[in-house]
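Listed next as structure tokens is one chain, alone, in the form predicted on its own.
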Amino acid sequence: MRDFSEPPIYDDLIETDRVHRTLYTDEAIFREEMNRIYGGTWTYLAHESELPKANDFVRRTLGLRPIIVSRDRDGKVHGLLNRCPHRGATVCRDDAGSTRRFTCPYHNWSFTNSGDLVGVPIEEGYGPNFDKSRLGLGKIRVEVYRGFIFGTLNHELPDLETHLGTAARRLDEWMDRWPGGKISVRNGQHRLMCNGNWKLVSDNSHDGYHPGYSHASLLRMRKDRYGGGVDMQWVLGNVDDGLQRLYDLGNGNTFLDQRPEIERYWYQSAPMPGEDSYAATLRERLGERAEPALDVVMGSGMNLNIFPNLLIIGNQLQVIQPRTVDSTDLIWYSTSIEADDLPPEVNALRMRLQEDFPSFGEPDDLANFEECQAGLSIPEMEWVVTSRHMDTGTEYVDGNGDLAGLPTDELGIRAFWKEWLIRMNATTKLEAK
């Protein structure tokens, strides 16, 4: 058990309208985040569709800790620290698979996929008091919300649904676009590496201010080639005059809602080669149900950010995986919809469209993150501004009790730092059981 009852004080680094640059550049702060943030709150680990059967597993991280997310023989989900209690070697070295036992390659200690030690070669060498029941893999607390698996080492936290709060309703809206369908992320990954701090990614995820500038070349190309009204054209010009809204959902969770700008999803999607043939086939096969089916091809018009590391962008999941204070892995997961009444052509189109932004838009963001990291290294300029729309009188509380604002409002960044400060200043204990 790690006792963080006397936390460092970070209040001087976060003010109402700005944060200090060292929050992005200081190695000691980063190391503390990997404990207090990634270990101390509900952190996204995996999706149940990646473990569809009993005995399946995937290898992941919890901050910097190597972990295993597994199903046991009865299908129950477990989170295990990927570290042999003997000499410390990782026991699982495959990214995914199916097994009833994890066996450490070093000395062949073996563990069930629920973490119990069941095999030790030449066990008599440890004497009569050797107790295998005390030497299993470390187990983290795991909870699941509609297929999304989260874990924590903080056993004092309220349950996952409490952490999600009103974000759970937004997540429901995202998953229920096709009634009765189930989301699957077993469609491959788009993996990127950024030479920047992980929080730069989070800052950007609820920022409606940058797209019309950072992604201008992509958007203008689309407009020149395909005309107005194509996907994301609403971010050009003064987006605060439009219909998008940004919401603080509490507990560091935020939501940028672009849906009011979308009149017809399918007709505003970025064109794809061969789409007319697919659409004609679906209209012939489904009749009046073809248009709703085509609509789920296009991105959801939702940017939902679950503190600290899960971003739902359009139809995709983006997971933030910190590596060092100034390097971060970004993993994009494409999603499909599993439903008996949804033809495979819909997911074929949906998959093609999801190749678009990670390939042509995300590089713009990565370049900005890396240049931010370079600029933040300048010690004479200490502060990062987070005050946009604080004093314009445009923020309001919506019918759900959530603080709402215009898309370029920096209330999302302020919401993140509020929760960050709570978690970093918390007096808590982290424990693997």
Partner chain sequence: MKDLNDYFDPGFTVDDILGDSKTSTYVNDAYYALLRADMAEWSGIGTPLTEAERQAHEALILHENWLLDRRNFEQWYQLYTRECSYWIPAAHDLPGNPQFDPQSHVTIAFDDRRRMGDRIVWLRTGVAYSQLPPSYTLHMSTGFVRVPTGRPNEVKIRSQFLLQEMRSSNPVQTLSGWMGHVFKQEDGRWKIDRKLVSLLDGQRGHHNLTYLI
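Just so we're on the same page, rigid core means the largest C-alpha set that superposes within 1.5 Å between forms. Keep in mind that this is a model prediction, so the values were computed, not measured. Numbering follows the first chain given and starts at 1.
One more form of this protein should be noted, the form predicted in complex with the partner chain, which is absent from this view; the next part is about it.
For the three residues 189, 220 and 273, a heavy atom within 4.5 Å of the partner chain turns up in the model of the complex in every case. Residues with any non-hydrogen atom within 4.5 angstroms of the partner chain in the model of the complex fall in just one of 206 to 214, 122 to 130, 85 to 93, 163 to 171: 206 to 214. Taking the partner from elsewhere, residue 370 is found to have a heavy atom lying within 4.5 Å of the partner chain in the model of the complex.
When contacts are judged by a 4.5 Å heavy atom cut-off, residue 195 counts as touching the partner chain in the model of the complex. Using a 4.5 angstroms limit between non-hydrogen atoms, residue 224 touches the partner chain in the model of the complex. In the model of the complex, the partner chain sits beyond 4.5 Å of every heavy atom of residue 143. Shown without its partner, this chain lists 295, 326, 257, 356 as candidates; in the model of the complex, only 356 has a non-hydrogen atom within 4.5 angstroms of the partner chain.
Checked against the partner chain in the model of the complex, the residues 251, 334, 152, 113 give one hit for a heavy atom within 4.5 Å, which is 334. When the rigid core is held fixed, the Cα atom of residue 285 travels 2 angstroms or more between this form and the one not shown.
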